[in-house]
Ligand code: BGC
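Presented as structure tokens, the chain that follows is alone, the form predicted alone.
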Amino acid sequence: MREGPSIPSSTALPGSKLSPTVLLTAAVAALGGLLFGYDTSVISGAMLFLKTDFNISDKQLEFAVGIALAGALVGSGLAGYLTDRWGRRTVLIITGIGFGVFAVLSGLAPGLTTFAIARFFVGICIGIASLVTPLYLAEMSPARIRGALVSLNQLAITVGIMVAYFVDYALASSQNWRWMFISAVFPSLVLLIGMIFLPESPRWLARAGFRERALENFHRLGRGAEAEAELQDVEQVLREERGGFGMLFQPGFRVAVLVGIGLAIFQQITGINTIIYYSPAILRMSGYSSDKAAILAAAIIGVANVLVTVVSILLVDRLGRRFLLLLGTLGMAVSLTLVGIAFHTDSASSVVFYEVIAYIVSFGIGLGPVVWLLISEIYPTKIRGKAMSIATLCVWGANWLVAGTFLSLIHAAGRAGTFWIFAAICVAAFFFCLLFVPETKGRSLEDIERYWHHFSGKTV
């Protein structure tokens, strides 16, 4: 990709101030990301006791883990329509209610069937939050800090994963898996109450024809004298947004769509879900003496995930997206190869633990946060919403596939063979990023769009 101009600092509206409402919006809305991380990973510790309590097989346990991801697939498919129909704020309020209600029902479930139904609806909330939270943050944030505030969502996801591990550890002695799920009601209540006092997205209000309310909310978000000019920019973009899903396959668009889909799928099939959802079980396989010790080790892995995500956010605009992807996928391939060797040679459990830490660090520096950032950057303006919907569906579809087959793969390929398979997929991801993913650091969105037109001209 040819060198393009940097986005000038004047992109931020000169008269705008950083409103306390913007900061409050970021803090509250990011709870959607925290709940996303918490509810997807809390089952990693709970499954050790759930399996015994419900007396279920490995196949049934895979189903119990994967059912929330099936719900997330449905939720992400519905999210675009729901937010366009009812508004970003309203959907997040309803999602907050759903998170709380179905977290409690998951914890109170008397058997696998009712548990699976409750977790499916939790998954729908997860899928909706995964799309709506970054969308709401992006539309509410001033341009000059939009990247940082949207990245806060990814950080919140990793914090949610870490908190889930520590809650699992705290309740491991009593084997109280029910409260592991019910505890999600507390951040759900904060999200619900906080969203009630936050404004609706001015962009959605403008799209829905509520111009005066849109202008009022721009003022509330600290835009000051520039509110009218920003609203006019929004209205101009809305007038240009035309066309259905057929646009995604036009020259100049389809390669960007395919690259985004590839990134979304590789993020999920390179083994991260085996670590997030099954890390205590993996560590028990490696020789950890108790469930509680394995859950504590998983919690430490969660801390490493949070810390390296912070590092990635600090480095992504300095070292570039593509460099971090290549570094991360290479590190993941090496780490998973070593995990496979450790299982093949029956190495000490501490060896597996440190190699899993190395894998999490590699994922957290690259594929974890960078894929979500790239998906928001690489699509031309006219197709960004539709293309992001497809990419999000691919994330959850691939996530469900991996989580729902991991234990079966262990039985079929063995512990070592399973991790070597994931290592090979990491190598494929490395070459995909090397060959097809452009560097977007310092490029304007217009320059990125011109790149795709040029790329398509050479390949179609």
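All of these numbers come straight from a predicted model, not from anything done at the bench. Residue numbers run from 1 along the displayed sequence.
Keep in mind the form predicted in complex with beta-D-glucopyranose is missing from the figure; the text below concerns it.
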{"query": "Whether 267, 305 and 399 all lie within 4.5 angstroms of beta-D-glucopyranose in the model of the complex by heavy atom", "finding": "yes"}
{"query": "4.5 Å heavy atom contact, residue 372 and beta-D-glucopyranose in the model of the complex", "finding": "yes"}
{"query": "beta-D-glucopyranose contact at residue 368 in the model of the complex, heavy atom, 4.5 Å", "finding": "yes"}
{"query": "Heavy atom of residue 106 within 4.5 Å of beta-D-glucopyranose in the model of the complex", "finding": "no"}
{"query": "Any non-hydrogen atom of residue 294 within 4.5 angstroms of beta-D-glucopyranose in the model of the complex", "finding": "no"}
{"query": "Selected contact from 257, 167, 272, 124, since only one has a non-hydrogen atom within 4.5 angstroms of beta-D-glucopyranose in the model of the complex", "finding": "272"}
{"query": "Contact assignment for beta-D-glucopyranose in the model of the complex, among 76, 158, 188, 133, heavy atom within 4.5 Å", "finding": "158"}
{"query": "Segment assignment from 82-90, 170-178, 202-210, 272-280: heavy atom within 4.5 Å of beta-D-glucopyranose in the model of the complex", "finding": "272-280"}
